[in-house]
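Only one chain is given next, in structure tokens, and it is the form predicted alone.
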């Protein structure tokens, strides 16, 4: 065999070998990921995952709605790769688990909904809601509620306060609003994903945001805190949405403008670890119950492949996944550029 023929044969052999090796590599499935947690964030994950897996061959992501408390706990234990939470990790949790990250993925808010036949609009405040959930304000025509709603004929009927019974980021941000706006609540019940709810006659517990919608629909004269991603279900159930007293002293509804105003107020002061509250922030026309939606992730994964899969999905989520076409469907907002940069920096630390 001459030199030229030998070279042609060798090149062909190398090409065949490379092609043969490329086939199993291209078809190789990526590491499957599991997400669980926030029922408020769950509808957005249900939009993200089909879009992501359709454009990333072999990607598999399983999502479940179990409440933020479960999402945090299971992520810390390593049972899932991504814990979804409306609440950032507390100082105590970070101290005990220093490799755990709180990574914002989008901006959301929480509505205070009510079931009051014949009442088209309603104003409420942190102190009023604290009084209701403490059992100090028991009827809808209480003087405090009447003073906040001049000209509205309120029913002489017992209020049915509805709260979450699962560990919940919604409970976290709701109780923050109460604690930040009412001194009595702050000194006794504080805030957290779980609260020792006072025993209130007629009070009801529900599981997840779907349970809150159903409980409120089935209980006229009830009031409940429900994640904004369930706005369609709330509207379909014919439930009302209260305007809340903000820190500036105005009653505001959760709109794109009022949510954006609140989020913008902390964008430049969000720390590198991104654990910050957007509840009851100062500013004109700032809705008082706004929050970052977090992915709770361990920065130290068991292997490089899992770490790479998590980084790839979360990077997609805060870029392509933050497009208006996704977030607007669940009444969320995209992360501001400054906050997105911090999120990307955190994602890169996952190893």
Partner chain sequence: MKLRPFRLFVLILSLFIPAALVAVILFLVIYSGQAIVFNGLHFITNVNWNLGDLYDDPVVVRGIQVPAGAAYGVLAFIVGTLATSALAILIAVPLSIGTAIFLCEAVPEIERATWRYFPWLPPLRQALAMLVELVAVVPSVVFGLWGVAVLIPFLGHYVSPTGNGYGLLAASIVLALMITPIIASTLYDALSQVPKENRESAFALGSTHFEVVTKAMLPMVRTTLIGGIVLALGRALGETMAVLMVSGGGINILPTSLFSPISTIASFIVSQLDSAETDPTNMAVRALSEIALVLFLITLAVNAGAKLLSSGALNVRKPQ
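Take the two forms, find the largest set of C-alpha atoms that superpose within 1.5 Å, and that set is the rigid core. Residue numbers count along the first chain shown, from 1. The structure presented is a predicted model; accordingly, all values stated were derived computationally and were not measured.
From this point on, the text means the form predicted together with the partner chain, which you will not see here.
- Candidate stretches 145-153, 266-274, 99-107, 160-168 - the one whose heavy atoms come within 4.5 Å of the partner chain in the model of the complex: Only one stretch qualifies here: 160-168.
- Query: Quick one: of 243, 73, 119, 239, which gets a non-hydrogen atom within 4.5 angstroms of the partner chain in the model of the complex?
  - Reply: In short, 73.
- 219, 138, 123, 260: which sits within 4.5 Å of the partner chain in the model of the complex by any heavy atom? Exactly one residue meets the criterion: 219.
- Task: Indicate whether residue 291 is a 4.5 Å heavy atom neighbour of the partner chain in the model of the complex.
- Result: Taking the distances in the model of the complex, the answer for residue 291 is no, it never comes within 4.5 Å of the partner chain.
- So in the model of the complex, does any heavy atom of residue 248 sit within 4.5 Å of the partner chain? So residue 248 does not count as contacting the partner chain.
- Is residue 82 close enough to the partner chain in the model of the complex to count, meaning some heavy atom within 4.5 Å? Residue 82: no contact with the partner chain in the model of the complex.
- Query: residue 255: heavy atom within 4.5 Å of the partner chain in the model of the complex?
  - Reply: No, residue 255 sits far enough from the partner chain in the model of the complex that none of its heavy atoms falls within 4.5 Å.
- Message: Can you confirm whether 30, 304 and 321, the three residues that make up this candidate site, all sit within 4.5 Å of the partner chain in the model of the complex, judged by heavy atoms?
- Response: None of them does, since no heavy atom lies within 4.5 Å of the partner.
- Can you tell me which bits of 89-118 touch the partner chain in the model of the complex, meaning any heavy atom within 4.5 Å? If the 4.5 Å heavy-atom criterion is applied to the partner chain in the model of the complex, 89-118 yields 89, 90, 92, 93, 95.
- Message: Once the core is aligned, does residue 290 move its Cα by at least 2 Å between the shown form and the other one?
- Response: No, residue 290 moves less than 2 Å.
- On a core-based superposition, does residue 157 travel 2 Å or more at its Cα between the shown form and the other one? Where the cores coincide, residue 157 shows only a C-alpha shift between the shown form and the other one that is less than 2 Å.
- Item | Rigid core superposition, residue 232 Cα moves 2 angstroms or more between the shown form and the other one | No, its C-alpha moves less than 2 Å.
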